[in-house]
Structure formats: C-alpha cells, structure tokens
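Single chain ahead, written as structure tokens, the form predicted alone.
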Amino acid sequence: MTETIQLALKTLEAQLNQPLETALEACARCGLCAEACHYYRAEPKVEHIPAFRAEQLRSVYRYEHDFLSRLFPVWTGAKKLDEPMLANLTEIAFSQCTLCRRCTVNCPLGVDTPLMMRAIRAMATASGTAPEILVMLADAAIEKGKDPSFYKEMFLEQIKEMEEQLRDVTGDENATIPVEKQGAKILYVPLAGAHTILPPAVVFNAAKEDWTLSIFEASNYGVFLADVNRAKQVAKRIVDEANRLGVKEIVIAECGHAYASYRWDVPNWFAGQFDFKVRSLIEVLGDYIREGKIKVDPTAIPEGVTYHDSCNLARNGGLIEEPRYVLKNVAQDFREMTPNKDEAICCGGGGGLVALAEYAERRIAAGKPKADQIKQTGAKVVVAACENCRLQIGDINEHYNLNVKTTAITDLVVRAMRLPKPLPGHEAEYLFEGEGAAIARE
C-alpha cells in the first residue's frame, strides 16, 4: 500500500462519525435523488446519479469495515482502494458534485451525499491529489494572515483611491472607507476586488453606519478542500481581527460559502473566542430599507429582474426571504424562477468548481438546467448574491445565448438609490432607466 493510499484511508477513518456512517449505511438505492441533481438533469446518465457517486466511497468503506466484504468483495461491491480509484474518487467529488445538497433535501431518508463527497475531498487533500489551484489559494490566504504588513500598504493606497471614487459618485465630500477602526459596530468582510467594497461603502455611508473594512477577504478555499485545519487558519484571520478591533458583528459580502462558513462552522471552530453576530450584507440591506436608513426608488430598475438562490445562502444557510424583500423594494418587475428558495436548482458553479479550468466544459454543461430556468422567466437581469454563482451564470449566459445581465443585490440597491453619478463600470445600466431617470437624479 502506497503512502498516498495510507493517508487517504487514515483521513477517511478520522472522519467516521455518526452522521457520515449513517450516510454511508442508509441509502435505499431508490434513485429519487437523480432528478434532484442538476448534473443528471443536464445529462441523464447513471454516473450522474448522486447515489451512484456515493456508492464509489461506500465500496471502499465496505472493504475496510465489513468482514464479509473482505472475503467476498464481488458479492457486496466492495473495492480495495488503490491510486487509480482514488484519482476517480477525487474527480467525482471535485467535478461532479457542487455540494449543493438538493439531493439530500429530496431524499426520503435524508442521506447526506455531499457529506460523503466532502469526505472524499478531505481524503484527496490529505493525500496530495486535490486540485492544485485550490490548495495554492488556501495556502496563499494563510500566508497572507501570518504577515499582513507585506501587502497592507498597497491595500490602503487602493482604499484611498476608492474613497475618491466614493465621494465622486455620492457627491459627499465626507464619505469614507474606514479601515482598522477600533470599536466599530460592524466589521465588513469583502471579497477580492473593488466591486465588493465600493457599492457596500456607498450604502454604509448613506445609512451613517459605524463600520470598518476588513483587510482580509471572506473567501475560504480550505472549505472547498474539506480541510478543516486550513479552513480554520483562513478563518482565524477574521476572528483575530474582529477581536482586536472590538467589533459587535461581522458582516459577510455577497458570498455563499463564506456566509455559510462564518454563520455555522466558525462559531463552533472558535468556541469561546467568537462572540460576534454574523450576518450577510443582504440582511443588513434589508434592515436599512425597512428602517428607512436608505432611500430607494424601484422606478430606477424597470427591466425584468429574477433571483438565483445560492445553495449555500438559501438551502444550506436559510437566507431565503431577505433577498426577496430587498429586490421587491428596488425593482419594479421581480420574477421568480421555478423551482426556487430551498428547492432552487444549483447553477453548477459551486464547491469551488469555477476555479477549476480543467472542468469548465463539464461545469457549463451542468448549468443547462439553470439556463433553462432563466430563459423561462424572460427577465433581463439575473441577480445572484454569490460571486461564484455570478461567474457561473455569466458563463452560461454567454454559452446558451441568454442575453441577460448578471449582477449583485448591492449593485441594484445602489442603482435604486439614484446617486449623482453611476458607479465606475456601471454606466451602461442607466440606459435601461427611461426618461424619468435623468429627471429624478436632477
């Protein structure tokens, strides 16, 4: 047995708790999970059935834990893990499952197939067979947390430039983007890029919020690798920053996996060190509109708007009604996809898949059911409160000729606020507004 296989099996053994063993043992092979999976909907093949994917791990589990399977493996379908089989398992877990959990919520026994896929991802990561780009991104984030001074000066210079843009588009000479503000109420954690900093800054300033910007990004590639050690190290950067600044709550940018991670996993990982309320930026936007802290005009967005429920936000995170409340207040013509909410179909880009260029063709093919949903709405704007979802929908928009614009909720909120000037890169959006828009801004 090679060292690679030993590491993979050791990792499997370390994960064998009651939930995983239940998932491994409980499947009735009924096949009801098939239609729940966007891969199977896009291409009805046996290998795209979630139960079939899970069976590949079950065969290894049986060989290791069932005496009869060791003696008569052909009878039980048991298989001894070897390197070709590990490679196949790795490809299944990283390229044929986005961990969306739609199969689980539609399973009559509640079999958690994504939990098994995460077990495989952990085996691959521990044995060195996981996708290299995900490992590199996770490790880069960890290194960044060890010595932020290396990039901090450049980051602060970029924020100063963004502040000038903020003042220009809002017409408020006192508008700021505070960084490392001691005692602020909110620590806002963005993603990489000005597009997740400038629009929220517009809203925070308008609402006169007591906030500060994190010097780190919310994304956590350790989560995609199912590597708890790496994921905890990435998350610790934010936990330490929040503790050091003495903030009351952490607000996560529009990001599915980051929200689910900080809302559900991080408080458990850092029990006793993590006393913060965690909310999505979407929830904060809803409060501002509800309380009248920001003024929005839905006539600014007359075109048809539909919303894609990120699996990590809706099905896995419970954030379902708040984005709809926001959108119904900023858009005149909001249209639901069918199915939606906790039954929404995955776009096909989750689980870190958008970062894996080698699986791009497979990813876009799996996005066909979502493309069909978007077409059926007739909407011209598709809103997704998750960066990976927006990237995926942008790709399927181009591939399937949907002729839609993909945007974030915060961008629409800012547009509905009717700023003196549009945000940089958003000028074209104002072409949709009609004659009343220019008059209203004047």
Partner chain sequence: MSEAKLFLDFKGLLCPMPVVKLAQAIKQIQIGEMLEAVATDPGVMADIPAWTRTTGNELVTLEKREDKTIRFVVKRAK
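It should be emphasised that the depicted structure is a prediction, and the values quoted were computed from it without experimental measurement. Positions refer to the first chain, counted from 1.
The same protein also exists as the form predicted together with the partner chain; that form is not shown, yet it is the one meant from here on.
**OP:** Could you tell me which stretch in 368-376, 240-248, 333-341, 351-359 has residues with non-hydrogen atoms within 4.5 Å of the partner chain in the predicted complex?
**Re:** Only one stretch qualifies here: 351-359.
Subject >> Among the candidates Asp275, Glu291, Glu132, Asp82, the residue which, in the predicted complex, approaches the partner chain to within 4.5 Å (heavy atoms) >> reply: Answer to the contact question: Glu132.
Original post:
Just one of Arg167, Arg324, Lys144, Lys181 has a heavy atom within 4.5 angstroms of the partner chain in the predicted complex, so which one?
Top reply: Going through each option in turn, the one that passes is Lys144.
Original post:
Is Arg230 a contact residue for the partner chain in the predicted complex, using a 4.5 Å heavy atom cut-off?
Top reply: No.
Subject >> 4.5 angstroms heavy atom contact with the partner chain in the predicted complex for Ala194 >> reply: So Ala194 counts as contacting the partner chain.
Subject >> the partner chain contact in the predicted complex: Met162, any heavy atom under 4.5 Å >> reply: Because a heavy atom of Met162 falls inside 4.5 Å of the partner chain in the predicted complex, the answer is yes.
**OP:** Evaluate Leu137 for contact with the partner chain in the predicted complex, applying a 4.5 angstroms cut-off between non-hydrogen atoms, and reply yes or no.
**Re:** Because a heavy atom of Leu137 falls inside 4.5 Å of the partner chain in the predicted complex, the answer is yes.
**OP:** Taking only heavy atoms into account, state which residues of 220-258 are within 4.5 Å of the partner chain in the predicted complex, ordered by sequence.
**Re:** Counting only heavy atoms within 4.5 Å of the partner chain in the predicted complex, the single contacting residue of 220-258 is Tyr221.
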